[in-house]
Ligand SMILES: Nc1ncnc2c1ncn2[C@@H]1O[C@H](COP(=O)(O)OP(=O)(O)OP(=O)(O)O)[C@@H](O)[C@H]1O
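Single chain ahead, by itself, as structure tokens, in the form predicted alone.
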Amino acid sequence: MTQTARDEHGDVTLLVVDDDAQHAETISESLRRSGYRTLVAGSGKAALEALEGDHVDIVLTDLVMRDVDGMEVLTTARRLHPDIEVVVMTGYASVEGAVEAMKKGASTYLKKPLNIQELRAVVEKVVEKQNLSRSNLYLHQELDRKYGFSGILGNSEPMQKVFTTLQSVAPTSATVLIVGESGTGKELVAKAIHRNSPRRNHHFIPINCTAMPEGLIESELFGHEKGSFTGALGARKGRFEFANHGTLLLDEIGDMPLSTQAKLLRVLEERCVYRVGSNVPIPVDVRLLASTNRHLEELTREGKFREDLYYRLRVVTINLPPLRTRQSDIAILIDHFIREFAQQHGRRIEGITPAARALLLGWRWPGNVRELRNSIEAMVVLARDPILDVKDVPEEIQQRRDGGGAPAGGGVPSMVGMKLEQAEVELIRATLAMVKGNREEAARILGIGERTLYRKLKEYGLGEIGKDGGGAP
């Protein structure tokens, strides 16, 4: 055992559990010589106490003990510390029990009497497995921090502000107003808040205020009693009751009728609902989220939305930027949706050509992320080749019509009738402009290596574009 390995193992704590004190101490001493930090428990009960009080990475436990057996040590360890690894020791007569232990989460088992070399090898493999698992978890957390929050993607400055707010507000019970154009992902943000909150194990209930007729929305929200109106053949719980201890999203709340707004305000203040046709209060504990694509402040000035409800809802406001204002995120979303839909539909799609990518990058996306997502899904489903090309891009984007779908500012001009060399020049120029001269990012978006990009810049006399972080002209 090298000194380096000893130093690395010194960060790993093993709990040795065996009611045979001499056997436990022998194992512990052997592992200490390999550089591990070890704890010894002379019974299952002592092991449970150690798990409650000490930091333990790996448990090495006998399966058959007099008071608390190894199976209970295993289940308790996994319950208290989900990333803990457990190795069980067993005699030849109880191998079936060891197999059962592995079904319940044990990493592996060792037969008694133990071979010290085999013991050390098994423990080292378990440590490697645990380190890999923890590294992957850390990587996913870093990717979430950098590129998204529970499935929401983006690395642009506007989205980083959104993520910062989400990280602060999700663990609380604060009411959140989510504002953004249609297709920006307001419901996805609401779900992310719920999944990262203490209410995650209870219901997330969305209700679209636009889709509900005025005569039915109160029944949907608050419930009704039998006979309270024509067709009410029985009592029915409302969304507030279903969402009790969970989260309720009122989508497009700007379209809620004024009469319902007054009753909603009463629910928020009193924390109880009254079913339609009843005067009996029903206590509810619900976190309220609301979303809208309208300007509620303007609606309050026009008398179309209650001012007191508006201020009650906007405890925290999250403004979702339209996709056209965060162009650097489009490339990330394109790649993400290609992978997602290729897997979902069982299609062998290996990538996208620079020309097709350029068309997508230049589109204004009036329907925002929803439009981009649907477009990529259609491309993946209909593609005949493993590499998506211009012919796979939706026709309306290829035609580059004026109006809502016109190219974004700084986008690639139409390449129809343009010589191939000039089209490549314009594509490189526009991509560098989009990423503010970041050559590394431009090369990634174009699907070429940085050396290839540098060579083309020199070849086309564009060497100063992107140099030292400078933007393209």
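Just count from 1 along the sequence shown to find any residue number. As the structure is a prediction and not an experimental result, all values here were calculated from the model.
There is also a form predicted in complex with the ligand; it is not shown, and the following applies to it.
Ok, 72, 187, 157, 308: which has a heavy atom sitting within 4.5 Å of the ligand in the model of the complex?
By the 4.5 Å heavy-atom cutoff, the listed residue in contact is 187.
Could you check which residue among 369, 250, 243, 89 gets a heavy atom within 4.5 Å of the ligand in the model of the complex?
Selected residue: 369.
Which one of these stretches, 178 to 186, 220 to 228, 100 to 108, 273 to 281, sits within 4.5 Å of the ligand in the model of the complex when only heavy atoms are counted?
Within 4.5 Å of the partner lies stretch 178 to 186.
Given that the ligand is not shown alongside this chain, does residue 202 nevertheless sit within 4.5 Å of it in the model of the complex, heavy atom to heavy atom?
Close contact is absent here: in the model of the complex, residue 202 is far from the ligand, nothing within 4.5 Å, heavy atoms only.
Counting only non-hydrogen atoms and a 4.5 angstroms cut-off, does residue 166 reach the ligand in the model of the complex?
Taking the distances in the model of the complex, the answer for residue 166 is no, it never comes within 4.5 Å of the ligand.
With a 4.5 Å heavy atom cut-off, would you call residue 333 a contact of the ligand in the model of the complex?
Yes, residue 333 is a contact residue.
So in the model of the complex, is the ligand close enough to residue 364 to count as touching (4.5 Å, heavy atoms)?
No - in the model of the complex, heavy atoms of residue 364 and the ligand never come within 4.5 Å of each other.
So which residues in 152 to 173, when you check the ligand in the model of the complex, have a heavy atom no farther than 4.5 Å from it?
Sequence-ordered list: 152, 153, 159.
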